[in-house]
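Listed next as structure tokens is one chain, alone, in the form predicted on its own.
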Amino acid sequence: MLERALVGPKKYWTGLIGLLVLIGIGAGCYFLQYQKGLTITGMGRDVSWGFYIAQFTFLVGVAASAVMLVLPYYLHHYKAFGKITILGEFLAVAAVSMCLMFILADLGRPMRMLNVLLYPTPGSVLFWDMTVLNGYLFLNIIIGWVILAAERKGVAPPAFVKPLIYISIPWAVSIHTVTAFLYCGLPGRGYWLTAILAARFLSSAFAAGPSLLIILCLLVRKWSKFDPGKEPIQALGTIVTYAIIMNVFFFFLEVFTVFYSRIPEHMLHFKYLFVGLHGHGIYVPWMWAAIILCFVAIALLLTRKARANEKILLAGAICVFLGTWIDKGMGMIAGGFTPSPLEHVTEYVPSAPELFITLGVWATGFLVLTILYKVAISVKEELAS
């Protein structure tokens, strides 16, 4: 089926060439980082995780959100998701691929990743994060490809696929839970030291991932002959609405707990992010923008009548995606590291090479996604004809 990715209209090849150009720019900057080290980034002693890990954290959630299609379709036989489940699974493949690339970028030298395999440490959360991410990647590749091939041939999927589907459901939850444990397992960081962090991660994942899938489904409908259908898109809109409400609710639970308890080392992180601290506040407008975007999204998506208008649904999905990207990405990283346990404020700003490397990784992920979607949509169009 992969040969279908080699055939397409002019706009398809134009898009691929554009992505390859961005990948080339990112690769050039990565080569510079490989030669000179992480000193070309904005990271340092006080902020040792930066823009790369921010993207990793966000994209793990996008990958985990595939469970919001797999669970209703395979366990509860919600047939409306039949058309787009493969799109969700392939989105998870692209998202996990980007996660792994961002880890490689953050390590400085790719060979360091082999240390996790050569010297396994089951007592480390990072070891389990590597395990669940790679496992989830292979699960989605196998499930998505085998089911698509069976659908193309008009036969039932092989028997071994069903157990893999059942395994992938708790596995999806585990990848983001373990990622949350990477943060909340660090006792010296008050912003991350909360038992509800995994719940916040999952709620934001189930908002951001389906919102991106809504955007992709609408683009697929516009640029191809395949129509994902109105009902599944509306169902995704409902999922996004409840998930973003829960995400905002969980955030305000944190705000109440932190400021009612009046624990200084916990309050300082929130103050830095939302009002500034000791004259520093580079992230203040970004965090307020994230809050506003989330509330605008809730206002747009709250009623079924509003969601039925696909222009409003698209606007709400974009607001959710951008709001969660800011909050869960740079907000989570900057908020956790600033101020330091000694209450020093060292502001982190990504350098130009970091931004271009990040852009290159995103372009690589969308290249993978474009090729996988081209194959899936070609099969869907063939079956519909």
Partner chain sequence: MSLNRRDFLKIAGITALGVGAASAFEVLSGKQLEAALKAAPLTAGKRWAMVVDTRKLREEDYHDVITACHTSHNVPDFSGTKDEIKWIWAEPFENAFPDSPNEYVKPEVKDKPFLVFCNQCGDAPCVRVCPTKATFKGEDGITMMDMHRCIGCRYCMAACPYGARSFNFRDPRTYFADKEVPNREFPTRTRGVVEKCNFCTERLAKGLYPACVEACKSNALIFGDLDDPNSEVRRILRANFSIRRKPQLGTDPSIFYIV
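Bear in mind that the values here come from a model prediction, so they are computed numbers and not experimental data. Numbering follows the first chain given and starts at 1.
One more form of this protein exists, namely the form predicted together with the partner chain; it is left out here, but the text below deals with it.
Student: With a 4.5 Å heavy atom cut-off, would you call R112 a contact of the partner chain in the predicted bound form?
Tutor: It does: once the partner chain is placed as it appears in the predicted bound form, R112 has a heavy atom within 4.5 Å of it.
Student: Examine V248 and determine whether its closest non-hydrogen atom to the partner chain in the predicted bound form is within 4.5 angstroms.
Tutor: The answer is no: V248 has no heavy atom within 4.5 Å of the partner chain.
Student: In the predicted bound form, is there a heavy atom of the partner chain that lies within 4.5 Å of any heavy atom of Y260, even though the partner is absent here?
Tutor: No.
Student: Verify the contact flag for L182: yes if a non-hydrogen atom of it lies within 4.5 Å of a non-hydrogen atom of the partner chain in the predicted bound form, no if not.
Tutor: Heavy-atom contact with the partner chain at 4.5 Å: present for L182.
Student: Check each of G279, P163, G123, P285 and return the one that places a heavy atom within 4.5 angstroms of the partner chain in the predicted bound form.
Tutor: Exactly one listed residue reaches within 4.5 Å, namely G123.
Student: Go through R189, K83, K271, R152 and name the one with a heavy atom inside 4.5 Å of the partner chain in the predicted bound form.
Tutor: When the partner chain is considered in the predicted bound form, the option within 4.5 Å is R189.
Student: Out of 99-107, 229-237, 200-208, 214-222, where are the residues with a heavy atom within 4.5 Å of the partner chain in the predicted bound form?
Tutor: It is 99-107 that comes within 4.5 Å of the partner.
Student: In the predicted bound form, which residues of 34-55 put a heavy atom within 4.5 Å of the partner chain?
Tutor: Residues within 4.5 Å: Y34, Q35, K36, G37, L38, T39, T41, G42, M43, G44, R45, S48, W49.
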